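Given as structure tokens, the chain that follows is alone and in the form predicted on its own.
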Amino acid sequence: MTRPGFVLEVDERTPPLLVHEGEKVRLETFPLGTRVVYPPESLPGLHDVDGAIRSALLDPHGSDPLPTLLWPGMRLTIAFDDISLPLPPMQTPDVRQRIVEAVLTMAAAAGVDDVQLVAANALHRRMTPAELRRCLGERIFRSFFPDALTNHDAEDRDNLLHLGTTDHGEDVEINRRAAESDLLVYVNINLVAMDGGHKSVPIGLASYKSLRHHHNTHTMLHSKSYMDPPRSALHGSAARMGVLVNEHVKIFHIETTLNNDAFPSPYRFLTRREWEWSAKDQATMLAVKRGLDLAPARVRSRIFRSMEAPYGVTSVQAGATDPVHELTLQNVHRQQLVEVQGQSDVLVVGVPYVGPYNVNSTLNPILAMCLGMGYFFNMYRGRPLVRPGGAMILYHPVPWEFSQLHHPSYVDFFEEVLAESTDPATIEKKFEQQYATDPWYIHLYRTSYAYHGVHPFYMWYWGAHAMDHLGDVIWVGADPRTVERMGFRSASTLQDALQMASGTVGQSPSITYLHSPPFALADVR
């Protein structure tokens, strides 16, 4: 039987605990009394995923069955989550492939021949042909690419459609083909509670004109947390936009949830609790650690980029946006929720090698900050794991390293913008428009594989809630130059970091270590 997540208090019997730090791992000895939040063990995946998909399409929630929505001569668009999900990429066949194949089979049976597939990448980089093939499978790729299988282009003015404004004055502008279709099918993978629902179409298929209404400092400061949609201003804005989209577009959502099997067989020890490691687990851990410590950076990157998660699919639900997403959130919580009593003075996290925006790329300093302070800090419901004014300690080397192919505007953001200010509101006011409308960045976004010029701003805003909440941020093992540029401090060891934080939280602070990945969502009471 799968065991739920739980909270451990470190005592004399507790072994050193595994901590992720980019493309390495370490064993850390935590002070006695440290609270450790472990994610729940992995739920069993569905035995018959294809059967579950078919059942969801034939017996949807708040909608007629999919076959009854299909007819000859109609325009059908199938949009799907892009490469930012899931993390790491799942072993093939990707569940998106299975779903799209099922939808296409039903469309073919109904005589639908006007079908377009669109990756909902918003302002993310385009997926490469190889990435699209891996996501959707060889048969779909060969049948549709390149003319009928494309990436969304948020800068293609001719292929965007402004649907109107919400009662809060928010522009809603999305992909024209999707907006003018007789049916838009959206295929989602929910890895965390932030994903899916009204966040799919109004954000994944949107333009900068729409996204600027919620991807900003004010909204992020009022999203507490991103993983708790009822208390997230980001989700509130997306929901208002979603209501307006639904007034114009017939949408059939298909959402899925995954279990916690985030690492392939040789690395399964990463998901086990340290005191339960077998002799084989211990030997593997030591071998992996030694190998990673000795390997050149390019070899480590190759190892991690080849990693595919054997995720199991835990649920498939289809139909109207709200009833589908309600079930999705229940299933995410079933896998990830851990009850935690109260806040601590210090939150410790290990930042792993991959986040949503560096798949097959480099986790640059801004993305490391976003992953640690935007995602892991926000892995709570109710209250943050750390008290207001507390300290956050993160593990990552944070090298001064960028991908010129994927993140060109990040380089300039780091060199130019952060050199002048690290305050999100100041940055937004002074620099955002310049980067968002820069013709060269737009050119690279549209024709190469670059994230949009404004994307580093959004990642910086993503950490705004943590920056506002915390009194101190210290990175263990980081390049001092990079973290100083971002306004943080670095330490060589956990002991040094705690000593440095003592001015903020005292000499004997309470400490919580969020033991992740895989993901745990702390329900802080």
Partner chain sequence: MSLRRDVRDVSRGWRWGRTQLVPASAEPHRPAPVSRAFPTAWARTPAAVALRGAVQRFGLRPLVHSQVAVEVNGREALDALRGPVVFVANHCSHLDAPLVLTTLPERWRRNTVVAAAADYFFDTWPRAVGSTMAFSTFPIERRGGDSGSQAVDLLFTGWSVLVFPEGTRSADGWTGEFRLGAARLALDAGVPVVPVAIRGSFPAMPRGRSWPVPGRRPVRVRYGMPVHPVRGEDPALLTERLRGEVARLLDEDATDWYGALRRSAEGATPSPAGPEASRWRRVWAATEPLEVDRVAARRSPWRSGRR
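The structure displayed is predicted, hence computed values, not measured ones. Numbering follows the first chain given and starts at 1.
Omitted from view is the form predicted in complex with its partner chain, to which the following refers.
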Taking Phe145, Tyr353 and Thr447 as a possible spot, do all three reach its partner chain in the predicted bound form with a heavy atom inside 4.5 Å?
-> no
Residue contact check: Thr504 to its partner chain in the predicted bound form, 4.5 Å heavy atom | no
Would Trp440 sit within 4.5 Å of its partner chain in the predicted bound form, counting heavy atoms only?
-> no
Please run the contact check for Glu416 against its partner chain in the predicted bound form: heavy atoms, 4.5 angstroms, yes or no?
-> no
Heavy atom to heavy atom, is Glu138 within 4.5 Å of its partner chain in the predicted bound form?
-> no
Segment that reaches its partner chain in the predicted bound form - one of 232-240, 287-295, 303-311, 373-381, heavy atoms within 4.5 Å = 287-295
The one residue among Lys224, Arg133, Arg273, His218 placing a heavy atom within 4.5 Å of its partner chain in the predicted bound form is Arg273
In the predicted bound form, the residue from Gln330, Thr128, Gln341, Gln282 that sits within 4.5 Å of its partner chain by heavy atoms = Gln282
Who in 12-33 is close to its partner chain in the predicted bound form, meaning a heavy atom within 4.5 Å?
-> Glu12, Arg13, Thr14, Pro15, Pro16, Leu27
